[in-house]
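A lone chain, given as structure tokens: the form predicted on its own.
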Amino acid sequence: MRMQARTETDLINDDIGETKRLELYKTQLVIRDAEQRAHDLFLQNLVKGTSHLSLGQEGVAAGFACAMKHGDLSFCTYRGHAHTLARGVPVEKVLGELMGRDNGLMRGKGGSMHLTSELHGVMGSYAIIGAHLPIACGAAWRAQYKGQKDVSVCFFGDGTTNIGAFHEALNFAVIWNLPVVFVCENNLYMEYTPISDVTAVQNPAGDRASAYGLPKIVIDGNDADVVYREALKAYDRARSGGGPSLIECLTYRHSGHSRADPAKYRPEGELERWKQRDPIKIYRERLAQFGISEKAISDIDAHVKREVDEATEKCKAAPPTSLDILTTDVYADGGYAWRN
């Protein structure tokens, strides 16, 4: 479909701007290429264990991360590669961790489901459904108590909305007026089950917001511009003392729940329909709409491909995690011995 050219007035009134748009595009592309490479490395038996990819959901991670300020905190689920990369963690560190190499983000000890980088504001990926929502509240409570201006942003899947911790965390956040933003990535499936089959409302997060005195916010999670704008509003509200937000982002994962899932339960044609709204496809067209040259776009494509290729080779050459660190960093003092 031929896109209608933007007028000079449209370009002047663009609230996002070329620099931020290129950042949004590059962030989505880094996530896509790095996760696709993780998939390929898994098939080569170089990624051990399972992994949960966000292919098709890049718009959510990019939109929220590009709207954050330094010091803001991200809390992720086991599907956390995208959010970790979006906060600026190098591809080499993420792939190295997935491959169990010593150059990994956590020297290969955490693996796919436990990515953490305090330096980048990534406060952990949590394998237990809903476990991180109360923790995000705790981090936000700290900011409020100390008069600091950072915002805690908590990402979770649609299935989490049927977990008790979701409701407890929302209630707590509203009661204490905390600077926390809850982001539901509704990709239609809670593991292998359609969320609509087991939930009493159409929008599992948005339709429950009113129970906690929050507005219903349901947005297109595949359009990074839409996500970015909504994130800015939520962050401004949190920083100014306006309290928490609950945002439901409608999106879709292109692959199964994990590498062990062939996703045979999906209706015929559903994946193909959603791929027409691939967030990266949408954004490439968006860049062209706003007059950004094909060369500028292609340069980003080439740069990201080179970055992922170089990271892959470094990880392949890196040594596996040493057994010497097996029992280190288990507790806060760096040791492993149990204490009463």
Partner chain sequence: MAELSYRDAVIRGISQEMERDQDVVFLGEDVAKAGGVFKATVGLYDKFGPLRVRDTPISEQAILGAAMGAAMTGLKPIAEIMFSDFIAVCFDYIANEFPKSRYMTNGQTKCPLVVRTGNGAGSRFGAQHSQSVENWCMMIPGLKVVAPSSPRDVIGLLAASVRDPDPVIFLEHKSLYSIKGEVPDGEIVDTLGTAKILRPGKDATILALAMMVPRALASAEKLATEHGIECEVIDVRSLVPLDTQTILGSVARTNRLFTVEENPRLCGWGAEIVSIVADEAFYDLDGPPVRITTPHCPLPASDLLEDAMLPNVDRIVDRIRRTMGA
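Predicted model only: the values in this text are computed from it and were never measured. Residue numbers count along the first chain shown, from 1. Take the two forms, superpose them, and find the largest set of C-alpha atoms that agree within 1.5 Å; that set is the rigid core.
The form predicted in complex with its partner chain exists for this protein as well; it is not shown, and the discussion that follows is about that form.
Of the candidate stretches 119-127, 230-238, 264-272, 194-202, only 119-127 contains residues with a heavy atom within 4.5 Å of its partner chain in the predicted complex. This chain appears without its partner; in the predicted complex, the one residue of Tyr78, Tyr212, Trp141, Tyr189 with a heavy atom within 4.5 Å of its partner chain is Trp141.
Taken together, the three residues Gly110, Ile135 and Ala165 all come within 4.5 Å of its partner chain in the predicted complex, as judged by their closest heavy atom. The shortest heavy atom separation between Met106 and its partner chain in the predicted complex is within 4.5 Å. Not displayed here, its partner chain is approached by Ala332 to within 4.5 Å at the level of heavy atoms in the predicted complex.
Its partner chain in the predicted complex is not approached by Ser258, whose heavy atoms all lie more than 4.5 angstroms from it.
Heavy atoms of Ile325 reach within 4.5 Å of its partner chain in the predicted complex, making it an interface residue. After superposing the rigid core, the Cα of Leu323 is displaced by less than 2 Å between this form and the one not shown.
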